[in-house]
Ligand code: AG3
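Shown here is one chain on its own, the form predicted alone, set out as C-alpha cells.
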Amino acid sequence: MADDPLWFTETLHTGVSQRLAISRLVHQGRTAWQDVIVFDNPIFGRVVALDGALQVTERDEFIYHEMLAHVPILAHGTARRVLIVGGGDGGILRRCLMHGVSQVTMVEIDGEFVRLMRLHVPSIGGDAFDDARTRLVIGDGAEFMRTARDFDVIIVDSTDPTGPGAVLFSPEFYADCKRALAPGGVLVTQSGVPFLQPEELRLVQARLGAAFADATCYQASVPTYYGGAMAFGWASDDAGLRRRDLATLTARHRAAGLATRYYTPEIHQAAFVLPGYFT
C-alpha cells in the first residue's frame, strides 16, 4: 500500500506499478496467512488485495470467474463433481453452482479470508456458501489433493506462486490433480499475465505438460490485472475437450440457462487462440 492513505499502489511487477484511489477504507488487517485490504474505488467498486497484490474487484470479477468456471464445465458437458482450490471470495463457487452439478467442494486455506469476503464483498459469492451442494473445507489444498479422487473438473483459483500459493504450482501438486480427476476430467488454473509474468506461464505449461496428455492455456482480458491478457492453464488427457464445436457449446450454454456478461460460446472457442508471445 502507498504511503499516501488516499491511494493503493500495487508493485507486483519489477519496474511498473498501478495505483487505485481509495475513496473509503473498508478493512485492513492480517489473517494467519496474509495481509488483507478491502477498499472502495470510484471505478472498480469494492476492491480486495492480498499481500499488496490486487485480487478481485466488484466491477470486473465476472470476467475472471466466468472464464475460469464456465469454460471447463461446458467443455466437459456432464460435470457433476467439481473441486475448487482457493477461491475464497466465492466468485468461482457461485458460477459453478449455476450448472447442474451435484456437489462443489471448495478447499480454502484461509478461513478468515472467507469470512471477510462474505462480510465485506457479499456480491461476489452471493448465497453460494449456503447452497446445499457446497462443501467448504478450510485446509491446505495441496494436502487435500493428495487423497482426492473422482472429480470431473478441478479449478485452481490461487494467488501467484509466492507465499501460501507457491505449492499449488509444484510438479507434485499437478500430478496429484491428475490422479484426482475422473476419466475425461479437466484441470484449469490461474496462470498470471504472460506479458509481465512469462516465467509463470512457462512454468505452469511445462509442469502441466509433464503430467497430462493435452496441456495448453486460454486467455481473457481482465482490466484489474495490469499488463494485458491473462492466461488460464488447461490440462486433460482428453484433447477433444478443448475442441468442442460451436453448436455443442451453444446448446450446452443455452441448456444451462446461464446469464453471462463475458462468456459466450464464441468467446469460449476464441479464448484458445493465443498470441505468439504466450508460447
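Residue indices: 1-based, along the sequence shown. Keep in mind it's a predicted model, so treat the numbers as computed, not measured.
Just so it is clear, the following notes concern the form predicted together with this ligand, a form of the same protein that is not shown.
Per the 4.5 Å heavy atom criterion, this ligand in the model of the complex is contacted by stretch 62-70, the sole one of 62-70, 208-216, 243-251, 30-38. With a 4.5 Å cutoff on heavy atoms, Asp152 does not count as touching this ligand in the model of the complex; it lies far away.
This ligand is not drawn, but in the model of the complex it has a heavy atom within 4.5 Å of Gln197. By the criterion of a heavy atom within 4.5 Å, Asp110 is excluded from the residues contacting this ligand in the model of the complex.
Put simply, Gly185 is far from this ligand in the model of the complex: not one heavy atom of it is within 4.5 Å. Checking Ala128, Val121, Leu181, Val193 for any heavy atom within 4.5 Å of this ligand in the model of the complex turns up a single hit: Val193. For the candidate spot formed by Asp89, Asp160 and Met230, every residue has a non-hydrogen atom within 4.5 angstroms of this ligand in the model of the complex. Contacts between stretch 47-65 and this ligand, counted in the model of the complex as any heavy atom lying within 4.5 Å, involve Leu54, Gln55, Val56, Tyr64, His65, listed in sequence order.
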